[in-house]
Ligand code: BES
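This document opens with one chain alone, in structure tokens, the form predicted alone.
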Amino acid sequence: MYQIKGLRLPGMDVQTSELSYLDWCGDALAIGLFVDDYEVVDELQSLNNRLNGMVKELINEVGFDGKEGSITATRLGSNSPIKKLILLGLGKHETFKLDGLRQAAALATKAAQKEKSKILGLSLPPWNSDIPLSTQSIAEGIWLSSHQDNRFKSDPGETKNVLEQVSLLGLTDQTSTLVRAQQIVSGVILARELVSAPANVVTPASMAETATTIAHTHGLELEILEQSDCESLGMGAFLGVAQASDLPPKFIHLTYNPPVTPRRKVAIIGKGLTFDCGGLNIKVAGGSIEMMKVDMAGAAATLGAAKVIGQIRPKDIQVHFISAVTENMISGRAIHPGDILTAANGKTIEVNNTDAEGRLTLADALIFAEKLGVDALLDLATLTGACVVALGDDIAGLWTTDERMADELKTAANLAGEKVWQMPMEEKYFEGLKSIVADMKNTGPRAAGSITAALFLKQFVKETPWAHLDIAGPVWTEKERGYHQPGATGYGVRTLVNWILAL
């Protein structure tokens, strides 16, 4: 028998096996089927004969037609070489996407867990005949759907994951691909757990500690600017937001340096508000204030991507991972509506809404990043509720001054299964940000709020190609969604990694 090779993550061993589903034996067998596959796939007919007609019987009994996201399972007889059979619908061949493999793998994993199976054989077709990318995506779906975050429960109870081993059938040795999947999943899980943790656990100091651990573990260069350092650099916008908090701000700068002279240099800037009460323009209870621990999801994705890149170590790309981390709080030191702040480039900002604080921290971070002499700047932030109104909970907004970056990021997001939609940079809307007493206000009219937020950020980038991702919608889910459990999704990590690796 072929020696199966794989990679172990805690509680879950994912392997590849050259065995087809016709020859595999074990607790549960899951097979992905396109619409009407049963009528044309000879192997499926052979499996039906091997299982004494149970495949056809199951299909006919439930009316299974291969519709995308559909699933059915049955227990087989005690004498069967397979104890349970799971059929997964993949939809139509012509509309099948790479992320369909992650979704199908997650469905199979959760179904096997529900059936209390310890060993699962999984057979899914490759996407566009790309075996490594398909294998990676399947492994991501398995591991991400299995992740449970019970850190803050006094009695987390028994884990739901009884599944110990998954064999990806019909594949030669894909160990290096599984290693890549594990590296990416580790960054997504880091981002999930940072975002899910409450603000009394994830603080500016603990974010800096996380960055320190990443730097030491994966060989990245680290610079932590303290408040006095930021004052010396004139970061009045960032420090204006930070001044009401009892917790000192941290400006985090991680750098991945390749082993050779870099061909390209890029900077990723993540919004890092570990809690945002809105300042004196306080948010209302029952609206959004209780969820404002998630306002550092951009920084979490940035750190997650740093962890992944530190493991993959691309050969000729230098990457800077930056976040201006603080809280936005209320105290006698808080900025007032109407105050004027001066950013590090000398531009003045009238604060007409203290709850539009993220863009103030990003302004100084963008200025800092551009001075590093990079070829491209990318920021991501839970920046506006307006973007959620426009695009909903699943899609991030994309604004950019560079169409090449737009194409790169849309391709990266598509491979990641993380949806983005390019939005307009309508320059005339900047009129709404003009101030009588300063260079600009930090918010404009209610209409087109996500666009004016992007236009505000654009004022702090001189010439470098730049893109902005508003990720306010997809960083959190209240319900189980594909390979995401309820809670933080880790959105952005895979898109960032894909973008960097494709440069």
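Being a predicted model, the structure only gives us computed values, none of them experimental. Residue indices: 1-based, along the sequence shown.
Below, we turn to the form predicted together with the named molecule, even though it does not appear here.
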Since exactly one of Gln422, Asn353, Gln227, Gln148 fits, which has a heavy atom within 4.5 Å of the named molecule in the predicted complex? Asn353
Sort through Glu140, Glu327, Asp295, Asp364 and report the residue having a heavy atom within 4.5 Å of the named molecule in the predicted complex. Asp295
Even though the named molecule is not shown here, does it sit in the predicted complex so that Lys271, Glu357 and Ala472 each have a heavy atom within 4.5 Å? yes
Partner contact for Thr302 in the predicted complex: the named molecule, 4.5 angstroms, heavy atom: no
Does Pro258 make contact with the named molecule in the predicted complex, using a 4.5 Å heavy atom cut-off? no
Residue-level question: is Leu107 within 4.5 Å of the named molecule in the predicted complex, judged on heavy atoms? no
In the predicted complex, is there a heavy atom of the named molecule that lies within 4.5 Å of any heavy atom of Thr384, even though the partner is absent here? yes
Given a 4.5 Å cut-off on heavy atoms, tell me which of 198-206, 89-97, 385-393, 364-372 is the interface stretch with the named molecule in the predicted complex. 385-393
Residue by residue through 422-455, tell me which have a non-hydrogen atom within 4.5 angstroms of the named molecule in the predicted complex. Thr443
